Ligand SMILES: Nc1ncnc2c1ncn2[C@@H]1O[C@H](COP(=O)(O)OP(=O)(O)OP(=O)(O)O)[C@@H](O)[C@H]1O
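A lone chain, given as structure tokens: the form predicted alone.
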């Protein structure tokens, strides 16, 4: 089907520290691509540059075949790229349902509450809350949710925009095994519906069971890329990250 996302020679330096050093890889349309590597290997920095939260120093980004000069978070969202963060970002002072309605495409902050959203938008939001087992909390303030529930809410909110590519930054970090299973189910569900994912994760069991291919970064560069079994058997990867 071809690459939905392509990055070539991406680089970022913070003073004298090289965080990303000529990183290149692609995300094929319809894949669940994993992005792994040791702490400090540049994974989140790459995501920040892709989604427009950080300017790159060098390199190119192509999304859906179009070169993106300087990614902007709002512009990338409108193009069909959405993301989550290592620590869940929700609007804590408003209801769980309204968190989703605010994220509805082409409405943004003009939507506050069911009375101002069209029926189809509300219905989709309620379906997502059902999918993520948050329906009973629809009228609760988002800040009252547990940390794991907030991560589920953030994921559901990202899906409100009906993106083509979702970047997940450590979706299972700090989440109990029940929610990890639910997160896995939802990724598989939306992947089956045609959604493409790029997933950063330290939970190797999660990555190896879900992602294919897997890209391994080390010192800001791609060290290796391939199927899960190839990654697990590659000596460079074992030396750099997984351990034998």
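Numbering follows the first chain given and starts at 1. The structure presented is a predicted model; accordingly, all values stated were derived computationally and were not measured.
The same protein also exists as the form predicted together with this ligand; that form is not shown, yet it is the one meant from here on.
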Interface stretch in the predicted complex with this ligand - options 62 to 70, 24 to 32, 177 to 185, 44 to 52, non-hydrogen atom within 4.5 Å: 44 to 52
Between the options 162, 74, 127, 86, which residue brings a heavy atom to within 4.5 Å of this ligand in the predicted complex? 86
Check whether residue 191 has any heavy atom within 4.5 Å of a heavy atom of this ligand in the predicted complex, and answer yes or no. no
Partner proximity in the predicted complex: residue 95 to this ligand, non-hydrogen atom cutoff 4.5 Å: no
If you check in the predicted complex, is residue 213 within 4.5 Å of this ligand, heavy atoms only? no
Should residue 19 be classed as touching this ligand in the predicted complex when contacts are defined as heavy atoms within 4.5 Å? yes
Taking this ligand in the predicted complex, which residues along 13 to 41 bring a heavy atom to within 4.5 Å of it? 14, 17, 19, 38, 39, 40, 41
